[in-house]
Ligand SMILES: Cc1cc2nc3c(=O)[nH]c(=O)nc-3n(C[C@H](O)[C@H](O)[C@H](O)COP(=O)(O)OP(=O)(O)OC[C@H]3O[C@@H](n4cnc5c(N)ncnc54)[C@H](O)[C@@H]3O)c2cc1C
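Below, in structure tokens: the form predicted alone, a single chain.
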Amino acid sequence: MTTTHFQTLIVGGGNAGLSAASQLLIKNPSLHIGIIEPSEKHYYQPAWTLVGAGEFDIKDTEKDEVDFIPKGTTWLKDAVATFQPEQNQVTCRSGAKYTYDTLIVAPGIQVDWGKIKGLKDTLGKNSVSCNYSFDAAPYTWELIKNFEGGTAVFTNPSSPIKCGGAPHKIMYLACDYWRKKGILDKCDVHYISGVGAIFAVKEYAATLTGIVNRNNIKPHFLSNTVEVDGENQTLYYETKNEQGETVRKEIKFDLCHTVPPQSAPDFIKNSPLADPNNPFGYVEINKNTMQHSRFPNIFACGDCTNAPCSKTGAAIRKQVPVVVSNLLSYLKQQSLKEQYDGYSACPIPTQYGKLMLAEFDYSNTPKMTFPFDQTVPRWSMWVLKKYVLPWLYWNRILTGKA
């Protein structure tokens, strides 16, 4: 008979879900855990920027999910359709229903490709790419490598996104490649961003502003990309004029790296777990304990929450121990003592062989791990990003040991 009740049910078999399951079992090996995850493949997405820059093989970012499901858990190869939190139950697309004592919600984030008109139809051709796509990231490198000059456009949406630095990381690497190729003076580079600054933490923003100026990049802040016409190589965006009115503008391009808006997965935003005041439908939690605001036996971590932190793998690594500890305390009917301070990290390559590791918390205060000024891009941090972090991910983070 198939088990349908679990002490802890986890929605999502990505970074957050698997590392939470692993850490729970390390602390309590007898815990009965189910993991709902439909995907056969598991991806290390932080390397996709390096794929787009020709520095990483896309094949090395994809592995079989089954090899990383923690031993002692039950993999339920299905997808959640709806939540019934009052009944401590979820219903899957297959119609199967599962109940739980505690629930961890960690399905990640949804890339809303359809929110930019024409993008889905032209992605991976017509000189339009995006490193948020496994299929398109290698095409980014083809575009950068073969570019001979002209207008290059890189875009960033106004919504929160996973790895918030990715839209401009690839731009810095492209400019460095073109400088070394001797054609940067023939490149008219534009950064069209829906947010109001290059980076939210002023100490790191100062470094990046210098990189922008050095590469003669033209930023367009508070400008939202709304359409990409690949065949005519034209991008359309909306911004405000001096009177505060929304105006539509266009820019012709020879290369375009466009990042669409992102939001909670639809099955989250249409559920009772969603924050009704959050336009992106994220799970409503206490930002410090990671416990749901209305359903105390539900916790959430990773990119799906409304916690006002930067959505990164580094944030997940700090959130998961808090969720694990507090969930176990809840099961023992004890008070929740662990607190997440909003820590996140964004490794930003500023050129080939140099990277700035931006670390910060909810207050956008730098929280530097290393005994040197991390606002200065360094070769050692490039090595960390390219070699150390991927190994840690597959061998230590998913197994709950880091």
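Remember, it's a predicted structure, so these values are computed and weren't measured experimentally. Quick note: we count residues from 1 along the sequence shown, nothing fancier.
Not on display, but discussed next: the form predicted in complex with the named molecule.
Chemist: Heavy atoms within 4.5 Å of the named molecule in the model of the complex: which stretch among 199 to 207, 145 to 153, 231 to 239, 106 to 114?
Modeler: Flagged stretch: 106 to 114.
Chemist: Answer for Gly34 alone: is it within 4.5 Å of the named molecule in the model of the complex, judged on heavy atom distances?
Modeler: Close contact is absent here: in the model of the complex, Gly34 is far from the named molecule, nothing within 4.5 Å, heavy atoms only.
Chemist: So in the model of the complex, does Ala16 come within 4.5 Å of the named molecule, heavy atom to heavy atom?
Modeler: Yes, Ala16 is a contact residue.
Chemist: Residue-level contact is defined here as any heavy atom of the residue lying within 4.5 Å of the named molecule in the model of the complex; does Gly194 satisfy this criterion?
Modeler: Answer no; every heavy atom of Gly194 is more than 4.5 Å from the named molecule in the model of the complex.
Chemist: Is there a heavy atom of Ser30 lying 4.5 Å or less from a heavy atom of the named molecule in the model of the complex?
Modeler: Output for Ser30 is no: heavy atoms all beyond 4.5 Å of the named molecule.
Chemist: Does the named molecule, in the model of the complex, lie within 4.5 angstroms of each residue among Thr61, Pro138 and Lys386, using heavy atoms as the measure?
Modeler: Looking in the model of the complex, the three residues Thr61, Pro138 and Lys386 all stay beyond 4.5 Å of the named molecule (heavy atoms).
Chemist: In sequence order, which positions of 108 to 139 have a non-hydrogen atom within 4.5 Å of the named molecule in the model of the complex?
Modeler: Result: Gly108, Asn131, Tyr132.
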